[in-house]
Structures are given as C-alpha cells and as structure tokens.
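Coming up is one lone chain in structure tokens, specifically the form predicted alone.
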C-alpha cells in the first residue's frame, strides 16, 4: 500500500445509506425473485417450490401477452405525448414575454398533482352524461367504458402528468443554448424551422435522451390512474402489466405469478435502458 493507511472512518458514513437501500430496495428485489420460484398461500408465504413454472405459465398465457402489448402501446403513447408536450411548452416559454411566470407555472403544474387526484377529476370530465368533454364537443361517448378509447384516455392523462417535469428539463436545456448561435443563423438566412431542427434539437439532445429514459421507466410503472379510471377494463383493454401484478397478488392471491411478472417487467425495462444507452453513445453528442 506504499505505506499509506487506509481510512476506515469514511465508510461508516455509508452505513445508514446501505441500511436504507438494503431494507427498501435490495431485500424486496431478491425476495421478489425468490417468491417467483414458489407457489404461495394467501398470506404470500412461499409453500411449494415450482422453479420456472410461474414464468412458463405466463409466457404461454394469452392474458399476459395481451397485457404486454397493451403496456407497450400505452408506453409509446405516453412517452411521445409527454415529450412533445414538454418540448412545445418549453419552446413557447423560452423567450421572455408578459405573463411568462403564469404560463411557466401552469406548464410545470402537472408534476405537483397526484395521479390519483388527476384521475378522479379526469373521470368526471369524461363522464358520458355530465362530462365537460362530451358537453363541449356535443358527443355521446362513454370514453372509459369503450375499449376503443379507454387506453388512449388513460395514456393522455399520464402524458399530461409527465409533461410537467419534462417542461422543466427542456427549459433548463434551452437556457443553456447560446443566443448568439441563433443570431448568426438568422444572418445566414436560416428560417425558424431550420434553426429548431439544426440548432435547438441537437443542443438539447442530452436532455432529450435523459428525459426519454425517465419517461419510459415512469410509463411502465403507471398504476394509480388505471386503478381509478378503468381498473384494467373494459375487458383487458387497459390491463397494464403493473395492474396485472396488483390484481394477481391482491385479488387472486397468486403472489408467485405476480412476482414472476415483476421480474419480467424489470428485465424489459433493463433491456430497453441498456439498448438506449448503447444507441446514445452513437447518436447523442455532448
């Protein structure tokens, strides 16, 4: 060690963090993997070791594949909608104008609203007889009871909820772009559209990548709005994997199957994240 003493004291300061992570992250994670290999009783206690039977049952189940497809469609709509809404609002508030603080607060507000509260308000707005949406557009649609619209309604609500934090991320990225770049581009005859695609988007590419990763993870974990608005219905049209896990565990008392679905969901998110980081090294310039 070249005569140098290893200081042990700094490591003691890490003990509280490791205890918290161990109790609330590592222990539940490994316990979930453990339960996924067992049949459980109604109390969630492992009783019969079945190996990968829970996984094979899921992979041969039409209901699980439906949940997977519904989840992927939902995630695609939410991520595209939340990023587009966050980017547009950030661009609109990028220049100073009268009332900018009001609009900035309004655009960032969704991040401070609980998903359950927003879902309850949204449910009233979409009510077939007293809902404001049908009243304004003179429609007669039962939005959350129709399989054609239920998933889209839940996805739009989730996209709006996620757009608030996206607005802040993109606003921070836009503020770091030097205004002189736009001035020189204007002198060279570049239009506003050309400036947006050739200067603005490349300038916030790192922020966009980070936002994309976070939005995908958050979309996969959406639960409260589904529970309040549709409860996985009508039929299986909004039965996201997270809600399927909840229903299997706390309604059907199949904790082993729910744990297996949790592990599969974790693997899907991890695989997507690794792929995005691999692509990021090639396509994102800092």
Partner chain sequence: MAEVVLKNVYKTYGENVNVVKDFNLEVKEKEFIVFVGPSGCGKSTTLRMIAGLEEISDGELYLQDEFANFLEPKERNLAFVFQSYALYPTMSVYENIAFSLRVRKVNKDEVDKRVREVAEMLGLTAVLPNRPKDLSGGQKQRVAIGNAIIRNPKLLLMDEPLSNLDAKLRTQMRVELAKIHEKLQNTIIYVTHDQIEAMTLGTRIVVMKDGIIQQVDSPKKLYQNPINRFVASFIGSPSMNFMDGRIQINGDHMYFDVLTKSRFDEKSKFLLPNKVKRALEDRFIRGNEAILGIRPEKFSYKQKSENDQYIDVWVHARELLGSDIYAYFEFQGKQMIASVPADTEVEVDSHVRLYIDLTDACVFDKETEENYMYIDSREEKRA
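Note that the structure is predicted; figures quoted are calculated from it, not measured. Residue numbers count along the first chain shown, from 1.
Heads up, the form predicted together with the partner chain isn't pictured, but that's what we're talking about next.
- The partner chain is not drawn, but in the model of the complex it has a heavy atom within 4.5 Å of residue 191.
- Taking the partner from elsewhere, residue 180 is found to have a heavy atom lying within 4.5 Å of the partner chain in the model of the complex.
- Taking the partner from the other structure, the partner chain in the model of the complex has a heavy atom within 4.5 Å of a heavy atom of residue 203.
- Contact annotation for residue 94: none of its heavy atoms lies within 4.5 Å of the partner chain in the model of the complex.
- Of the candidates 185, 100, 76, 139, 185 is the one whose heavy atoms come within 4.5 Å of the partner chain in the model of the complex; the others do not.
- Checked against the partner chain in the model of the complex, the candidates 199, 174, 151, 119 yield a single residue with a heavy atom inside 4.5 Å, and that residue is 199.
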